[in-house]
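Only one chain comes next, encoded as structure tokens, the form predicted alone.
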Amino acid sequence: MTRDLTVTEVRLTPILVADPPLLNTQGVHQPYTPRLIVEVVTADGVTGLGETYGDTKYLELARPLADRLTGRQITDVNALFGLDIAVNASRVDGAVDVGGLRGVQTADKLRLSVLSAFEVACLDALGRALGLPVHALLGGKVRDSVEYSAYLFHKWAAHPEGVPGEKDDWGAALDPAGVVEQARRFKERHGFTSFKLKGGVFPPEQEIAAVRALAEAFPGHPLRLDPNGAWSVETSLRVARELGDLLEYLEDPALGTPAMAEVAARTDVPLATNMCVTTFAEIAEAFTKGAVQVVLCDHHYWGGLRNTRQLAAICSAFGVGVSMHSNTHLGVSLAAMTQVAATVPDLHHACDSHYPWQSEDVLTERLAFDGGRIAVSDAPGLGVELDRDELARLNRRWTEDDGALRDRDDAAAMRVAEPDWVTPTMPRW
């Protein structure tokens, strides 16, 4: 029987999902973060799922893309990237992407982040129609499970008084002891065997102490530190000297490729990035200058799963390691991330994931970590199903919001607690 793979409908559902008060160099996570769920429906009634950022600027671009996709074949994924959709440059060019903390945002980066959700939804629909997992559409899996790293944050016990939000049971983590306790709970709950600490929050000495405390509490476990470009070259080198024997890699200690190249030239500690290499155009400078030794790819940034595989192949050709970056994602994105990670041969570092921090999801069944790993689904498509009641509930939260939370702004969230807070100038230390 021939399937009709024509797209007859594209549904866009913006939602707000609970987010704990996690600290970074820009400020603190808002109590709710925007996400966008994309559904691509075929003439045969097959529905494919995708997910990306839900801020207003992403939604504004997703709407005309959804109109252009209707009437096309879900197999015609290459044509997605040729669709001529204007981006409101005033919203993005030169702006800092606070939510992703990936440096300066451009219209092209915004466009790829939206296209990624459409590409994933088409692949999910195609896999469902053919009875194949997405990894089979990408050439087949090379591993049966994907390893993830516990993502540690300095954290308040709760959002400021008077701010709406969901309570969590994690408690505060504002010193090395709190970070170690957080890591211990991550290991007990999910079995993680490697740990990444989001830095750039406190003076480097305090974050050095936190990494040392982790090393003492979890000997032999790979450790990473990510200050999101908050340090000068000299500070980066000092931290590398003090923690060199303890770190698997140091992620984006300094801001931009030239500064990263200078740090890399003066230390043996591997440097990773999800800030200075987030597009194909940025690869040449970073790789030829030796600025990074590990690229943390993110299928949202790069435009989907097939571009992620292309990036991994380029990294392999240059002898650069590859792992995966995480944003505040839900289960649809995590399922897509796991499917593509299963197909990358040279994935030698555990991937990042915020998912354990997210208490809400739009899936009928949450993805589960076992020994810090997620099993690669062989079910058709992404192997996940949408909980429509939960999707509707989280969409109502977005609809009822007055607009204050529809665009993630960690600095604005911080100003609720500290009215004089100003986004720090980099380097911060």
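Because the structure is a prediction, the values reported are computed rather than measured. Numbers follow the displayed sequence, beginning with 1.
Missing here is the form predicted in complex with another copy of the chain; even so, the following discussion is about that form.
The closest non-hydrogen atom of Leu214 lies beyond 4.5 Å of another copy of the chain in the predicted bound form. None of the heavy atoms of Phe202 is located within 4.5 Å of another copy of the chain in the predicted bound form. The closest non-hydrogen atom of Tyr249 lies beyond 4.5 Å of another copy of the chain in the predicted bound form. Looking at His190, you'd find every heavy atom of it more than 4.5 angstroms from another copy of the chain in the predicted bound form.
Contact with another copy of the chain in the predicted bound form, judged by any heavy atom within 4.5 Å, is made by just one of Val180, Ala261, Leu137, Leu347: Leu137. Among the residues Trp156, Trp357, Phe186, Phe287, the one placing a heavy atom within 4.5 Å of another copy of the chain in the predicted bound form is Phe287.
Looking at 266-274, 219-227, 317-325, 193-201, the stretch with residues near another copy of the chain in the predicted bound form, meaning non-hydrogen atoms within 4.5 angstroms, turns out to be 317-325.
Contacts with another copy of the chain in the predicted bound form, taken as any heavy atom within 4.5 Å, map within 110-135 to Leu126, Ala129, Leu130, Gly131, Leu132.
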